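Starting off, we have a lone chain in the form predicted on its own, written out as structure tokens.
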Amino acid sequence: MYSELKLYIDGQWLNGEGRKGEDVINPATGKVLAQLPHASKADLDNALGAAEKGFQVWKNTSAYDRAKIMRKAADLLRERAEKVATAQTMEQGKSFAESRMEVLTSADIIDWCAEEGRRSYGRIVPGRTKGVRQIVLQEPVGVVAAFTPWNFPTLTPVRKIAGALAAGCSIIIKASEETPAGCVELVKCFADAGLPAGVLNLVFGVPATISEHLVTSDIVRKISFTGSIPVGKHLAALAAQGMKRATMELGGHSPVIVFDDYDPEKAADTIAAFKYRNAGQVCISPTRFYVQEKGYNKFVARFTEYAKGLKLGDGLEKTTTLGPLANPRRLDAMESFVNDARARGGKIQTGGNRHGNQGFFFEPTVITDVPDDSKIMTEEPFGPVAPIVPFKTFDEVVQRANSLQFGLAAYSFTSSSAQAQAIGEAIQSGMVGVNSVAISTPETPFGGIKESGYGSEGGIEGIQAYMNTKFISQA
């Protein structure tokens, strides 16, 4: 049921013969799924050379023909959705239903980028004197090096791959070594769709070794990274040494603000389901909850009721609504958050413990009465732990929500149109959902501000990120 794991370089699938590697673990059982080969230095150099050649082919392929290949890849991904989702759930832990939706959304992203890539128009700017033509062109930036984390094995890689290919770039992607199968299956779809050799290359290995080799190469002209703030800063510094374009989608700690004029139970139903998606291992997951005093108790009660109703288990089981955490590091982190909150007077409304005697399961947890300087309120939890605290006034909650260095996503619930506009403008965040959690679609920009990064994926901005603007003045 699980995928055969290989590297993909210059149109060839390469196995682990003669290469170092590592085990891939099923987080629901703790058992080994497969051995993942690591790329050697020679493999990386071959990938760079292949991408350089592939770029010359792909940039000279018409946007119309590029779109045809991309749409075929999307169709293949949909046809293989059950297989890809199964492998992805086995390696990452999320429920099969979530995994399948991720795969289908990934196909939608490919389709959207394929079509939008055909519409990346330049423009003619009227000249100031007769006979002068001023032309603005959009040209692909070149070879891209992209790096993705373990929480969305298909979705995060496809954002980078589809955006780069739609713009006419070639790409080397290093997906997560902990969850490699989703990206392996995704790359297979592009290969089987007829993508020319070298245009898309997939490598795995020791992250620091791979990233420093690729980012510092003169061949690479664009970096795209999704991951932690410290690693993002390091890669951004490496990219800056070569004046290379970079998109950084880093960590978040998304505030949720529920005003008194909104039904607290309705808000709890909406945001709790979003909170526990993928066991909270989502960069835009709602992670610190501020509820105005009047509706606070009702919100806490309803939210806690939802958390208690979740069924922990293997993501492949039909009754499972909350899978395991992806690795044992997350278990240790959750215990640290809960212990710190408890030591600071926090009250555990439900959960707070590891679950079961195998796999990496942690109970869905709700904590109240935690101070704003507690660990859970200041550090990204990336897990199924939800702190809920009250607030009094608009100005107070805005100050508290904006007090951290993060600025990726935020959410608010209000029945007042004036207050909806005011909170949308006041929150310092790259994305804000007001009475909605739909802040990530193929056609809209996805990205943060402050230390949550810069640049966007998705939308027209996500394709422009892979293009250079050239101005030609012609007399």
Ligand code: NAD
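What you see is a predicted model, and the numbers here were worked out from it, not measured in a lab. Note that residue numbering begins at 1 and tracks the sequence as displayed.
Another form, the form predicted together with the ligand, is not on view; read the next lines as being about it.
S.K.: Would A208 show up as a contact with the ligand in the predicted complex if we use heavy atoms at 4.5 Å?
M.R.: Within the cut-off, so yes.
S.K.: With the partner left out here, check for me: in the predicted complex, does some heavy atom of R329 sit within 4.5 Å of the ligand?
M.R.: Contact with the ligand, yes.
S.K.: Evaluate E380 for contact with the ligand in the predicted complex, applying a 4.5 angstroms cut-off between non-hydrogen atoms, and reply yes or no.
M.R.: Within the cut-off, so yes.
S.K.: Is R400 one of the residues lying within 4.5 Å of the ligand in the predicted complex, judged by heavy atom distances?
M.R.: No - in the predicted complex, heavy atoms of R400 and the ligand never come within 4.5 Å of each other.
S.K.: Where, among 110-118, 169-177, 388-396, 260-268, do residues come within 4.5 Å of the ligand in the predicted complex by heavy atom distance?
M.R.: Looking at the partner contacts, the answer comes out as 169-177.
S.K.: Which of these residues, F147, F190, F362, F303, gets a heavy atom within 4.5 Å of the ligand in the predicted complex?
M.R.: So the residue touching the ligand in the predicted complex, by this definition, is F147.
S.K.: By the heavy atom within 4.5 Å rule, which residue out of K298, H234, K83, H213 makes contact with the ligand in the predicted complex?
M.R.: None of the others qualify; the residue that does is H234.
S.K.: Is every one of Y8, Q12 and P37 within 4.5 Å of the ligand in the predicted complex, counting heavy atoms?
M.R.: No residue of the spot touches the ligand in the predicted complex.
S.K.: Only counting heavy atoms and a 4.5 Å limit, does any residue of 214-248 reach the ligand in the predicted complex, and if so which ones?
M.R.: Heavy-atom contacts to the ligand in the predicted complex: F225, T226, G227, S228, V231, H234, L235.
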